[in-house]
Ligand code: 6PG
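Read the single chain below, which is given as structure tokens and is the form predicted on its own.
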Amino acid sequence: MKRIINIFETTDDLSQFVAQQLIKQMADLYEGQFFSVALSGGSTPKSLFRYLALNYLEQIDWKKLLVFWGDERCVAPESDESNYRMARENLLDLVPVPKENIFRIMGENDPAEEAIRYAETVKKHLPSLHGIPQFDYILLGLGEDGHTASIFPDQIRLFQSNRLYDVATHPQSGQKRISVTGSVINQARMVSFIVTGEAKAEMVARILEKKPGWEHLPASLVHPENELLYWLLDKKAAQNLHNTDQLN
């Protein structure tokens, strides 16, 4: 695995980089081939999605995208907390992704049953490697507690789950969530952590500089086996890093 750390002046600069990644990765698709992406929730992806919709409507071949989610809160799709709603309002309603290419996690359903159903949906539409479906691109966020997707430090065992998607519980609110697990994350062809803001700076430095306790954080377990891992940071999120050249 090759890890690449990129630091950007602004969120728009970061978003532009992601757009160029998509364009480059999709350039060689042959007729009838699709590019699969698993989206993340959160404020930074919201800015990214809006940027892509406003600035890359023509440049990205949206009809060749297969859109999935890495995690979802167990709420109705019209809820303010829904990752699907956020992506729909800020991206999917604004670009020509065919509706049949959008595969949402149905957060309103029974969590255990939905985790199984969604895993089967992913398996049906993605190629498999060693029996595990392979996304072309997974976008991940990073929590201030070191969680990623909806795998929290007190449930780090879910990263090693033998299921493709599993049920997680938010440690404070008790809210149920459905999350992709580590086997799928680490099977992806490309993974990008997208992290912005001063509040994330301590956790970014702890993981990337391997400070005490780093190995007990879910985000530290992300090691794609096949291709690339990007850490895409704004200057505030990267402010506690010392020598990024040595970290790559």
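For every residue, the number given is its place in the sequence shown, counted from 1. All values derive from a computational prediction rather than experimental measurement.
Form predicted in complex with 6-phosphogluconic acid: not shown, discussed below.
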| query | finding |
| --- | --- |
| Listed range touching 6-phosphogluconic acid, judged in the predicted bound form by heavy atoms within 4.5 Å, from 148-156, 121-129, 161-169, 98-106 | 148-156 |
| Site test, 43, 71 and 141 vs 6-phosphogluconic acid in the predicted bound form, non-hydrogen atom cutoff 4.5 Å | yes |
| Interface residues of 195-216 toward 6-phosphogluconic acid, as seen in the predicted bound form [heavy atoms, 4.5 Å] | 200 |
